[in-house]
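Here we start with a single chain on its own, the form predicted on its own, put down as structure tokens.
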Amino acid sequence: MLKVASIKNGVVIDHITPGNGLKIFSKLNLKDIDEPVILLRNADSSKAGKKDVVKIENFYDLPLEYLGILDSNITINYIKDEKIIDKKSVSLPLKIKGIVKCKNPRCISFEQKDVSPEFTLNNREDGYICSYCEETTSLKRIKL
């Protein structure tokens, strides 16, 4: 079994659905930060069988809304002096702004650059509804 050392201070993104760890690593541009980062894929999980894990030393600023869209199953552990000081679960945000583009070519946010797309979560099955044109975008069609 592979053993990865704990981090002293930083963030652990845990319970990532297997296969999503690389996507999260890429979307957060973790290759560009100067701190030590570990991506562990297909780690053993007592809950799900397998999981991906990302550990980031000396780093705390994560976009939780963004992470909820990428994988709503993850848990964020904030570490200080090798102890968990806070633990947060992410979920699908009720509203998102500026990170997803409306797919309706007639929507005001589709053409006009000064109008930032806004969406409201309808439900997990239907996805998000555009605040301007009410077009529905399913979660499967959202590409970040």
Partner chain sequence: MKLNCKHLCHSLDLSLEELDYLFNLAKEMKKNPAKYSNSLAGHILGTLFFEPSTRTRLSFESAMLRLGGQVLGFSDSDQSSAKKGEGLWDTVRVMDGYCDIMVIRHPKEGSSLLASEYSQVPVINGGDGGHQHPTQTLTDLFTIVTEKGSLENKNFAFVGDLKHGRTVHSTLLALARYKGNKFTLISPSELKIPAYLREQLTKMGAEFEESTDLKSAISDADVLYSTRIQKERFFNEEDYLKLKDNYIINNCVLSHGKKDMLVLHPLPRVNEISIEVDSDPRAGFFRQAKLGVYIRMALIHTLIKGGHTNA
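Positions refer to the first chain, counted from 1. As the structure is a prediction and not an experimental result, all values here were calculated from the model.
If you look for the form predicted in complex with its partner chain, you will not find it shown, but the lines that follow are about it.
Among residues of the shown chain, N29 is not one whose heavy atoms approach its partner chain to within 4.5 Å in the predicted complex.
Within this chain, C133 lines the site of its partner chain in the predicted complex, having a heavy atom no more than 4.5 Å away. In the predicted complex, its partner chain sits within 4.5 Å of a heavy atom of C107. Taking non-hydrogen atoms only, N9 never approaches its partner chain to within 4.5 angstroms in the predicted complex. Every member of the trio Q112, N122 and D126 reaches its partner chain in the predicted complex with some non-hydrogen atom inside 4.5 Å. Residues with any non-hydrogen atom within 4.5 angstroms of its partner chain in the predicted complex fall in just one of 112-120, 87-95, 36-44, 62-70: 112-120.
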